[in-house]
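Below, in structure tokens: the form predicted on its own, a single chain.
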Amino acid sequence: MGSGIYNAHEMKALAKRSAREGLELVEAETPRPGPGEVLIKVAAASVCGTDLHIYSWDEWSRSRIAIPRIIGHEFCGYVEEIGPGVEEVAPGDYVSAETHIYCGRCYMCRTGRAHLCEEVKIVGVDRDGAFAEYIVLPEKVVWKNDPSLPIRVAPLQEPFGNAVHAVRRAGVGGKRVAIFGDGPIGIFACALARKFGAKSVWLIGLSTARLEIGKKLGADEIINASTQNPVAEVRRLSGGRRADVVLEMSGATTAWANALFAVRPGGRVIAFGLSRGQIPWDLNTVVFNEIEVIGVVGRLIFETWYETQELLTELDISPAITDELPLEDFEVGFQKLFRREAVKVVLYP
């Protein structure tokens, strides 16, 4: 499964092996590192929204995933073995990894935007991932963790970094901020908007439990879109002005439409959430209100990682970890996420 050199030893792994909904716990050959590569023994891995897309086998997954594929990309672990030419890490190092494997040669890489690499390969999507006992990665994407960072929190650096990048691009200082989406990135964005000096932070979602966690992490007000009109509530909270900045973190059609009406004229909308299909949107509203729409993906490599490392010494994001399970019980965690009963599920292989 995947590429590389393998030995006879088998490991547990969570994989997509057939073109239908679901995942399978399988025995896979343990990879071995080639030149410039590192073998990592996975200590913990958390479930991402991308993993839910792959489980569901939606339109995006069908167009992108070549099966069979071991999935998962948010993780931490310990270096087990290094290949020829590896110099910066050594066996025993406590590490995580940037999940965008960049080429280093294209225009985007050479101009400081490697997260937009034209030849990018994503861990758990384009090559085998971290829902396994072992993973092999190029040394250039391996990140040395602070030894004091808890194992249960370390996998969250990757999604937390997404929120750091998105909130930085939003420019929230002194602004009224509305966040659509009560998933992990939206909840992390509450803590970050507060940290970066937002005047007000309003979180909009559909799960009372998730919204309460968002409030615990920094939201001033929470709006349950299943029982409240989010646009009307944002207008009320802002005294009719609406939000200066909206972060759309859900990818839902209704949320995207509401986001455009919840932001004030001349305001900014950050588009981060991935949709399960095509989303129609009101171009005239954007044009006539001079709304600035900015697409954001991933993290700056490795600028965001350094900032994330510092922020995690100041912010406690562990309330977002709602479930911790052995890899064998993945189905329990995935179903809780689909039912919106969990925020971050951490799996232990």
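A quick note: this is a predicted structure, and the numbers were derived from the prediction, not measured. For clarity, a rigid core is taken as the largest C-alpha set superposing within 1.5 Å between two forms. So that there is no doubt, residue numbering starts at 1 and follows the sequence shown.
The next section is about a form of this same protein that is not shown, the form predicted in complex with a further copy of the same chain.
Requested in this report: Please name which of the stretches 226-234, 73-81, 128-136, 170-178 has residues with heavy atoms lying within 4.5 Å of a further copy of the same chain in the predicted complex.
Outcome: Going by heavy atoms within 4.5 Å, the stretch is 170-178.
Report task. Answer with yes or no whether V296 is in contact with a further copy of the same chain in the predicted complex, where contact means some heavy atom within 4.5 Å. Result -> Flag for V296 set to yes.
Query raised in the report: Using heavy atoms and a 4.5 Å limit, would one call S148 a contact residue for a further copy of the same chain in the predicted complex?
Result: S148: no contact with a further copy of the same chain in the predicted complex.
Query raised in the report: Does a further copy of the same chain come within 4.5 Å of any heavy atom of E27 in the predicted complex?
Result: The answer is no: E27 has no heavy atom within 4.5 Å of a further copy of the same chain.
Query raised in the report: According to a 4.5 angstroms non-hydrogen atom cut-off, is P265 in contact with a further copy of the same chain in the predicted complex?
Result: The answer is yes: P265 has a heavy atom within 4.5 Å of a further copy of the same chain.
Query raised in the report: For 288-314: residues with a non-hydrogen atom within 4.5 angstroms of a further copy of the same chain in the predicted complex?
Result: Heavy-atom contacts to a further copy of the same chain in the predicted complex: F288, N289, E290, I291, E292, V293, I294, G295, V296, V297, I301, F302, E303, Y306, E310, T313, E314.
**Report entry** Displaced residue check between this form and the one not shown: F288, CA, 2 Å or over, core reference
**Finding:** It does shift by 2 Å or more.
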